[in-house]
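A single chain, nothing else alongside it, follows as structure tokens in the form predicted alone.
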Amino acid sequence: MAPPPRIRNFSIVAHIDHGKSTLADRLLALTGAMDPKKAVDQVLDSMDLERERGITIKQHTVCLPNRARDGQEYTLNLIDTPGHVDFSYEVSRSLAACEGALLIVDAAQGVEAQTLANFFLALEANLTIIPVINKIDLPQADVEGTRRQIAEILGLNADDAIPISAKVGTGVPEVLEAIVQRIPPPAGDAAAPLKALVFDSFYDPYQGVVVYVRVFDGRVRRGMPALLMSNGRVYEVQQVGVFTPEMKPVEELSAGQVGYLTAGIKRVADAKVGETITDALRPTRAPFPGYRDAKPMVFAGLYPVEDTAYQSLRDALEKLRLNDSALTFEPETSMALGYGFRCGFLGLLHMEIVQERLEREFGLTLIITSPSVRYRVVTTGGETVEIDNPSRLPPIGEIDHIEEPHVRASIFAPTEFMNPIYRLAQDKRGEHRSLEYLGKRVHITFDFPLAEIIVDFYDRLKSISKGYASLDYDFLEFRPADLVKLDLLLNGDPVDALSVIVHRDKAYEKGKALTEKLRAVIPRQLFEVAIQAAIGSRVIARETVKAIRKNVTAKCYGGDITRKRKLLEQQKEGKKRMKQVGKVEVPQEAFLSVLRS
């Protein structure tokens, strides 16, 4: 391993689909870190889901050997990061372990929403930023226009930006040289007491928790007692190593180096991200300040289709949480769906990824309820309650007002799509904040209620802008709003799984859509079924599923009409009684189709 002056720790950050993983592939190939026989595209995206969707979900670390122009051997530690807005917490964790960052900008698309967000994350972490203009091989690439955007929007020296094509390999050697020349070597004293930062971890069934560490001071080697400073637990280090990108054991990791260690830790919660590891016999004085915990923004109920799969779902969620600290869950029950879990996610993409992983990796079949956000309810008694499930809303008489979370959204789009974007923002209760012209593109900021943009906003934005608009948002604050709980009733009985909290102005529209959808999917019963959408005791929309009518007069041929009438009256009375005691059978498909909508 190289001494600290010849180590460079860097990250690659960019907007989604600007070429991070492709550049990482090129760097691995150029430095000889990857065996050509094992080479595949997006080598660091090891999850099936990452490959299918073409996105990075988990950050990845790899140690690259590099001989620079000065003839010296350098060790470059690359930490690849996700680009989607839902996974920005992964980016902030990666940056804490680095001294520099490559900020990639697409030469055809220019600076986009996540480019800006990740740039500010890198600035907050005091990193040296090297701008890289990628995809210069595309016919629509505008390198000079992109340089101007880097200078005007980001305030960086655009003359230092390196034009490359990660796909073809043009300019990648210059990137390697810039990493060596421009990114500062790590500071740290190998003779000082051990001080290492945990910036990620995953669970391995054979070795327990594998902890990703950046060593700032001291050395960590096999057999030494490691103290986790937040909980005071001591473990014996069993293995230390680096990623090449496979795990490769080494003798020790010293100041400035990035790698992993195992110490028979049973639970990922014991080695939390942001944790400080030190030598139990010679501890460091003060731990790192740690990270802010990733806060879930979107909540939904996860229920197994088969009741018997409840324990399997609990085990699967426990295992997923080992690798995904942003996922939260707690048990809940529903009259309609039985036993399940209320889960918290960072956003809708995160929710989809978790659901897909549970179904693929653990073989579960799930029903997921309508996603909602966390509301703040102020009661008439002055008490403030946070709720993430509509069924937990206090009775109307006890509510003084309800506050909902707002976000500040940043949208980049070509100028020709401004009108439809403003119409969409108006439909989603957006408040316009600022507008900035950047040549043929605009940067618009809005304040939105989070509940309005978690479901279909991103899809509609992409649709109206022909895929050219980009979105990023940050939590702003809670604001009071005229919100109501919309209940769905079947023959007067509320179906808790389908309750939603909506703005009063949109309640009728939502209620009508839900009742029509349910009428289409609920099979006809032997009695009439009334489907109602109600706010409190006031019904605002209704649909009816007509009863199946059995032909009770089939056996009567000819004769007196009173006989037929008597049979029909008996049938009518029977249906009335059945309606009072009959239970509406709602098939699982009905829930699935309504919740999907």
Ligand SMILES: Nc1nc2c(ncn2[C@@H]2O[C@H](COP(=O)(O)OP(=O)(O)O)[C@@H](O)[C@H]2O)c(=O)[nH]1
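The term rigid core refers to the maximal set of C-alpha atoms that superpose within 1.5 Å between the two forms. Counting begins at 1, following the sequence as shown. It should be emphasised that the depicted structure is a prediction, and the values quoted were computed from it without experimental measurement.
The following text describes the form predicted together with the named molecule, which does not appear among the structures shown.
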Since only the chain is shown here, I'm wondering whether residue 135 would be in contact with the named molecule in the predicted complex (any heavy atom pair within 4.5 Å). yes
Would residue 166 sit within 4.5 Å of the named molecule in the predicted complex, counting heavy atoms only? yes
Are any of the heavy atoms in residue 21 no more than 4.5 Å from a heavy atom of the named molecule in the predicted complex? yes
Interface segment, criterion being heavy atoms within 4.5 Å of the named molecule in the predicted complex, picked from 434-442, 313-321, 453-461, 127-135: 127-135
Using a 4.5 Å cut-off on heavy atoms, what residues in 209-230 are near the named molecule in the predicted complex? none
Aligning on the rigid core, do we see the C-alpha of residue 513 shift 2 angstroms or more between this form and the one not shown? no
Residue 435: Cα shift of 2 Å or greater between this form and the one not shown (core-aligned): no
Large Cα move at residue 139 between this form and the one not shown, threshold 2 Å, rigid core: yes
